[in-house]
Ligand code: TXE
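Just one chain follows, in the form predicted alone, and it is written as structure tokens.
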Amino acid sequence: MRAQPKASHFVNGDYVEDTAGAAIEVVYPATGEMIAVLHEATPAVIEAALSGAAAAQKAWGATRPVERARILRRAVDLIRARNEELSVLETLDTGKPVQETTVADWPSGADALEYFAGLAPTVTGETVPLGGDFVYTIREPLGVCVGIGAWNYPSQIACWKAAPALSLGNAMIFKPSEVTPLGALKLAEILVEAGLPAGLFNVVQGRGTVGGALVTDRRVAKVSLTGSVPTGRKVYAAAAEGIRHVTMELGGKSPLIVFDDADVESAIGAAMLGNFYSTGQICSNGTRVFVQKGIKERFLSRLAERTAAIRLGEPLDPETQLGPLVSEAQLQKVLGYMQIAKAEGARLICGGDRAALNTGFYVQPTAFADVTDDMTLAREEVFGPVMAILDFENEEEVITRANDTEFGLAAGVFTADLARGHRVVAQLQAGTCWINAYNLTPVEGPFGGVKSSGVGRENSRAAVEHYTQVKSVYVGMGPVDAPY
């Protein structure tokens, strides 16, 4: 048990265990080795988390924002000081190479805590003059928030949700994915060490029934989910029963459009990052790569050459560039999509099978060309290192085809003509877009989707709208003028 935590849950300032809950086995994806066993939250654990959060939030919401910020800022320093050990834990939990986790997982979580610690004291109301009378507004915390995390960026997602919630005066109960449950416990431990009062950030483990119990509790004011579209529909409907605030960051099938005047090497690099980074397990990935016909064969040739140089291996080796998929179930799902692509007539450029390693859930980084809009590979989210390359003739055509999907999370455009870049992005139905870049998501910029890809935004000042509510106060400065 290489990564066994002190207990399964973190509630009201300390670790809590209740072995009556169903077992959750945590597996290291590189070897299939079981590295920890946790237990699902029982009704008693869930009640302790909810009642503790509700009680703690009242005083926290009345605390000066600068005082809240100081605590979060201390947590940032602790995370950065312990980044190496935290990143190793993240690698064991997810299978992502330590080369990635040391720069992209906990560091981006620390950035979020730092950003919202700085932002929270600047969040103020406004006054509205009405002659003698006036209106003023107050931004108030919502209360108890529930965060439900995905398995691909477990610790980053926990920080992305905790940072705005806590900095703006809310309490949060966070349920990690049962596939990657370890990092959130460390975040809770660090926040308490930094001075966060007990009960304000509770972590409870479990599957869908635990999430359902949290989402439907009358004490919960807000639900923030990162997950798949089917899960999002269920959680959204459950939250709606109680008229709760929601943020939904869901899946995608995002287009990455490469015009023939683009810097081809940069476009290929972005396409590889947007399909192979984190073994392709990123919701915003540009998994439909539209390449203009004039550069198609050049693009494919260089893509195959550069993909062949990717180093697969043990994720704890700093030289490893591509790790395993997160689980056996995900491995089988991705292999299934590869077989479907072959059967439907897509042209295999590279990869296309399980990787030749002795253990673990590895697949080869894979690219298919001559993909058409009606193929399964162009319609459904694979969530693995499988790139679909489609060709196009002109701008109008590619915009129409790029938008022909139920998803709308992200999109990218590569072109030397910046006027075209802005023109195309303005017409793409996606919430998060890039021009001559891809998958860069600094906390300073809002992140989220449209259509089936989500509701609301993570990060940036936009998140303030989703973790506070406005109270309007009318002030009468003279006698009341009544007709009776």
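In case it trips you up, residue 1 is the first one in the sequence shown, and so on. These numbers come from a predicted model, not from an experiment.
The protein also exists as the form predicted in complex with the ligand; that form is not presented, and the subsequent description refers to it.
**Q** Counting heavy atoms only and using a 4.5 Å cut-off, do 12, 162 and 217 all touch the ligand in the model of the complex?
**A** Judged in the model of the complex, none of 12, 162 and 217 sits within 4.5 Å of the ligand.
**Q** Under a 4.5 Å heavy atom criterion, is residue 293 part of the interface with the ligand in the model of the complex?
**A** Because no heavy atom of residue 293 falls inside 4.5 Å of the ligand in the model of the complex, the answer is no.
**Q** Can you check whether residue 231 is within 4.5 Å of the ligand in the model of the complex, heavy atom basis?
**A** Yes.
**Q** May I ask you to check whether residue 410 falls inside a 4.5 Å heavy atom distance of the ligand in the model of the complex?
**A** Residue 410 lies outside the contact set for the ligand.
**Q** Does residue 177 make contact with the ligand in the model of the complex, using a 4.5 Å heavy atom cut-off?
**A** Yes - in the model of the complex, heavy atoms of residue 177 and the ligand come within 4.5 Å of each other.
**Q** Name the stretch, out of 69 to 77, 345 to 353, 380 to 388, 110 to 118, where some heavy atom lies within 4.5 Å of the ligand in the model of the complex.
**A** Among the candidates, contact is made by 380 to 388.
**Q** Can you work out which of 206, 199, 286, 169 has a heavy atom no more than 4.5 Å from the ligand in the model of the complex?
**A** Exactly one listed residue reaches within 4.5 Å, namely 206.
**Q** Under a 4.5 angstroms heavy atom criterion, identify the one residue in 155, 101, 94, 226 near the ligand in the model of the complex.
**A** By the 4.5 Å heavy-atom cutoff, the listed residue in contact is 226.
**Q** Out of 145 to 173, which residues reach within 4.5 Å of the ligand in the model of the complex, heavy atoms considered?
**A** The stretch 145 to 173, when checked against the ligand in the model of the complex, contributes 148, 149, 150, 151, 152 at the 4.5 Å heavy-atom cut-off.
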